[in-house]
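Starting off, we have a lone chain in the form predicted alone, written out as structure tokens.
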């Protein structure tokens, strides 16, 4: 007991400082290099003509550069002596840099774009994208180091989202090339976004239903397990474009053979092959997680439930399923994130969605149009991943508290 007390007292001594955080130091160095050495923005007279990349020096933002250097130097010092207090200060500094970034763009747009030039626009340069990416990695590193609660994490992210939303709604970012593309296609963008979300929701819902049936069947008849997982694994290995192509002829034949299918919109291209292919890709992770989750519930727990007089249905709905939910949610999370990305590829067969803007932009060599489709997909995937991860973690905590109370 005395040795434990002595170790705790030594850990609290002020002369003992933790080792430097190499991850954070490397990220700070990369952020400084990106922001100071690479072009932050490019000014284009119109959509067709290429823009001229401008660094902080070329913009004439020496004070802003000085502030950035001071902040990054302060972050480096905090990362060199990463006490808990220092990490909290570093988290606040990184969050502040990210929150002020949209407003820095507002100031740059007002400085660089002549209001009389209605077609002029500002493109985001490599330095800005690189700095943003590295600062987000630093934010995640600090969040993980400080072991923040889900509520604190969401609070930080919502604060950043609010800062960006205020900058967008204020009109200061309307001269960005990305916003120019959005304003020119706002109706089509909103329709594509709704379609993308509905397609993904349908894929996840159908996959969950089929996975539940397959998992229950494999638990009832164990011989089905090997064959089912083998078939689902083969489907997972088929490239998406190849699977779309394989579905084209059968669906076109069925639509011609049965007029009611054609009336529903089933044909060789469009939503039907996209939905079938995405469900096929989603079944393996969903079924595997559902099967493992139901199978790994401890036998003594279900035996105790039966000993209390519960029927088989009651044991399943009141004991086995609630205990399996965290692992099943992981399968839903994987499936949803995968479907959000793969749904973009389905635009190649006329399925619509946000992927339409990606392929239109590639065909026109308009990278901002590509970003108009790609950025919402990334943001939706991150939000869905975070929400399901937080929900699964919360369920585990509730189960853990229940086990502790039961054990007490």
Partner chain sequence: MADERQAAPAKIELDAVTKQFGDATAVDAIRLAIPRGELCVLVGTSGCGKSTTLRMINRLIEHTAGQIRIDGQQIRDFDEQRLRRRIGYAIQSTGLFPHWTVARNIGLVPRLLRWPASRIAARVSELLALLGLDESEFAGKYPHQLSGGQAQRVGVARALAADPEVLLMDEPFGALDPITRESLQDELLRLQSRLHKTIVFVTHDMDEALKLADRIVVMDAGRIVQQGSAEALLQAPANAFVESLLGGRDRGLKHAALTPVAERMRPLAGGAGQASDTLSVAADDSLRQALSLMLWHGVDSLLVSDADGQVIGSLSLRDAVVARGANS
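Numbering follows the first chain given and starts at 1. All values reported here derive from a predicted model rather than from experimental measurement.
There is another form of the same protein, the form predicted in complex with the partner chain; it is not shown, and what comes next is about it.
- Residues 304, 319 and 399 are all found to lie within 4.5 Å of the partner chain in the predicted complex, as judged by heavy atom distances.
- The partner chain is not shown here, and in the predicted complex it never comes within 4.5 Å of any heavy atom of residue 147.
- Residue 314 belongs to the set of residues with a heavy atom inside 4.5 Å of the partner chain in the predicted complex.
- In the predicted complex, at least one heavy atom of residue 310 sits within 4.5 Å of a heavy atom of the partner chain.
- For residue 323, a non-hydrogen atom is located within 4.5 Å of the partner chain in the predicted complex, even though that partner is not displayed.
- The partner is not drawn, yet in the predicted complex one stretch among 295-303, 152-160, 205-213, 246-254 has residues with heavy atoms inside 4.5 Å of the partner chain: 295-303.
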